Ligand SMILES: Nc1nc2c(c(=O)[nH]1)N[C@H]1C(S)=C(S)[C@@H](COP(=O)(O)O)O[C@H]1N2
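In the form predicted on its own, a lone chain appears below as structure tokens.
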Amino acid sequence: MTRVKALSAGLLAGSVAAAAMTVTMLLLACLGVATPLVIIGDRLSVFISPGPFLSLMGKVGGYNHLKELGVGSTIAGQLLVGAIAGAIFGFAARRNFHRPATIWTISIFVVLPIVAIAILLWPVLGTSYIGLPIDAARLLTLVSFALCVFVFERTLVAGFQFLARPRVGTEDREFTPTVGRRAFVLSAIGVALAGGGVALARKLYRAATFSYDGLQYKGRIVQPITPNDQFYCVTKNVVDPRVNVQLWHLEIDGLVENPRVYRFDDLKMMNSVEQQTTLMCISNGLDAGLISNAVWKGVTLRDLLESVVPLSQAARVRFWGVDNYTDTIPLEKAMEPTTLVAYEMNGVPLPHRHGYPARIIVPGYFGEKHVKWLTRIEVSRENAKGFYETQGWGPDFITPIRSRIDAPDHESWFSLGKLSGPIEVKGIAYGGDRGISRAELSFDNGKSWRDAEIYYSGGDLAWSLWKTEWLPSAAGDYILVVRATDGEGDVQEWEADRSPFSGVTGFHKILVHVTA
């Protein structure tokens, strides 16, 4: 067989084989099995520091578009690599095309990729979208990947032999009608596979997080307790887990004397705690709505940790979600009675997007610490880090004092002649786990202040809602500013020395136009 024919046959066979492998991965994803199409992004993202990461996110139009670009690029790269691998295979096999697959094809296209994936993606192989424990999920991911590369190898070898084998009684020429018909048949199979892949991709897209990732809660609709379907949401996942509670369990291990495993019913039989706690994203802007308040019910993390007895060298606690997301908190914080393993939100089981069947609630810490779909609690040493900590966020994850004006809107217009009464100004104030003791408004860009009424206080762990009435004395443009004081007497301020990756500080301002 000539080089041109071998390369052409290998290229086409490799393209079809790569399509078959990709369709297999998409099918597995529909069944809740993690594949490299998604977890490779999780593995690589921790190596991108927050600055370049946010810059890249801004260039592509946001986090959702970045996810789409990541998965799309992975699929395209996989198809390209498969085609190139097929061409190389064709060139190498051109002298023995009539022989069945030998041990070297299995070694190169199956064993070698499995070893490479196991080494490169080991930290994220424990990902599961149906709630399997980490070790079981890691095994399933590897077995599933082995199936995918085996499909590639079988399709590649069979496709190449189908194209390359000469018709009996004919000479081995570059291109004959027989070869053309075979190429057409194999191409048609590739197109059919591509169509199936597109259908599966559309199904996954409809189930993806794009419809709610980045959901904000702000403005006139804000209530003391945020409805579950309006609670802000941020997720790193393209598709969030939908945990089968019958498969799920919670492991507690690490630097402990008595490792334990809890089933969901075990947690619900323990003494429960119910508390209001506000969550806020570390990326929440001064005017943004990545902050919400709910009533959480669960068991104290302290009760769970005391049952396993942490060792003397224990310093931090690391949480693992079934989606392989991790984060850590100090052991002292974990032992506070307000740190919960929650299984209910506003009187109902946790919604899937908010961590069903169990998540961590850590009052006073940014939302990334409140790990969802919790499956493992590991008592660790001081150097333990989580997903975003490894990426470079922090080092301070304690929420600073924040406040926001929800009404009126920025750039609102009012006419003195048409006002029937004072303008209502209202908003929120949040002091982490220190509560709010005071909210103040300025109508002259911070030159003077006056108290607002705190008409709802959620307690030390939650936000407070404030309001006041304002009747402008004259027409003009007014800059309204809000500031809050927490329960310890500290006044909201701009912290010039605070890392931008530890959450922004400062004051929310709006501009209001008043005409005669």
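Numbers for residues come from their place in the sequence shown, where the first is 1. Quick caveat: nothing in here was measured; it's all calculated off a predicted structure.
Absent from the display: the form predicted in complex with the named molecule. The rest refers to it.
The contact with the named molecule in the predicted bound form, taken as any heavy atom within 4.5 Å, belongs to 373 out of 373, 89, 152, 430. The contact residue chosen from 248, 388, 262, 356 relative to the named molecule in the predicted bound form is 388, the criterion being a non-hydrogen atom within 4.5 angstroms.
Every residue in the set 231, 234 and 325 has a non-hydrogen atom no more than 4.5 Å from the named molecule in the predicted bound form. The shortest heavy atom separation between residue 340 and the named molecule in the predicted bound form exceeds 4.5 Å.
When the named molecule is considered in the predicted bound form, residue 243 lies well away from it, no heavy atom lying within 4.5 Å. Although the partner is absent here, residue 368 is a contact residue: one of its heavy atoms lies within 4.5 angstroms of the named molecule in the predicted bound form. Under a 4.5 angstroms non-hydrogen atom cutoff, the named molecule in the predicted bound form has residue 279 among its neighbouring residues. With the named molecule left out of view, the stretch that reaches within 4.5 Å of it through heavy atoms in the predicted bound form is, among 301 to 309, 316 to 324, 131 to 139, 268 to 276, 316 to 324.
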